[in-house]
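Listed next as structure tokens is one chain, alone, in the form predicted alone.
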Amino acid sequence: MVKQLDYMKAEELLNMYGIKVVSGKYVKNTDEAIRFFDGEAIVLKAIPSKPVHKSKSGMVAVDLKTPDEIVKGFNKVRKAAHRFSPYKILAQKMVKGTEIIIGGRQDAQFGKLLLVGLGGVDVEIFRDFSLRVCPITGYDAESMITGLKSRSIIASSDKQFKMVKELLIKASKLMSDNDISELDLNPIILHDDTYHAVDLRILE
């Protein structure tokens, strides 16, 4: 039976492979959400126990910059998530930049596959992605990036190209080493010469 890994456990697993995840914490009420806030914008999102498109379901509130906005955002997310109980609410630091997706899945014919492309809703709109069988080599990672129409966005500099290449190799190892039926890191945000995964879904 397919099971979704708890968000924080998924974060721990990614950290074991050197994949950076934006800092976050489960919050039970508005007071805890406000305490998480330290003057920089935050995001609140509901994490149901079953796979659900959180943004489309109204379970994400972004760019919350004041305690009043946090209270309104928390209540909005909680109301939207009520029909998907049980759920938890996650507070995260707000990160802005270029959104990419790195995904993986277990295919009946080819085995474990790895995907990269533009992230967020763009992956559904433009359908611009590269796919390879795991485990991938450094050459595979490079060809995945250069094969994208959006390569100038995803790899806008030599440094960013190398960063995404190394990230793909780490994600491939994660897929190869573990009993994962589906991996969805969307989006990973590239910013300030680094990156952070801001939404994670791992199905075992």
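In case it trips you up, residue 1 is the first one in the sequence shown, and so on. Nothing here was measured: the structure is a model prediction, and the numbers come from that model.
The protein also exists as the form predicted together with a small molecule; that form is not presented, and the subsequent description refers to it.
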Mark Ser55 yes when one of its heavy atoms lies within 4.5 Å of a heavy atom of the small molecule in the model of the complex, and no otherwise. yes
Just checking whether Ile189 would be counted as a contact of the small molecule in the model of the complex - the rule being heavy atoms within 4.5 angstroms. yes
Even though the small molecule is not shown here, does Ile101 get within 4.5 Å of it in the model of the complex, heavy atoms only? no
With the cut-off set at 4.5 Å between non-hydrogen atoms, does Val62 touch the small molecule in the model of the complex? yes
Contact with the small molecule in the model of the complex, heavy atom within 4.5 Å, among Val133, Ala80, Val71, Met94 goes to Met94
The stretch from 138 to 146, 172 to 180, 41 to 49, 153 to 161 that lies within 4.5 Å of the small molecule in the model of the complex, judged by heavy atoms, is 41 to 49
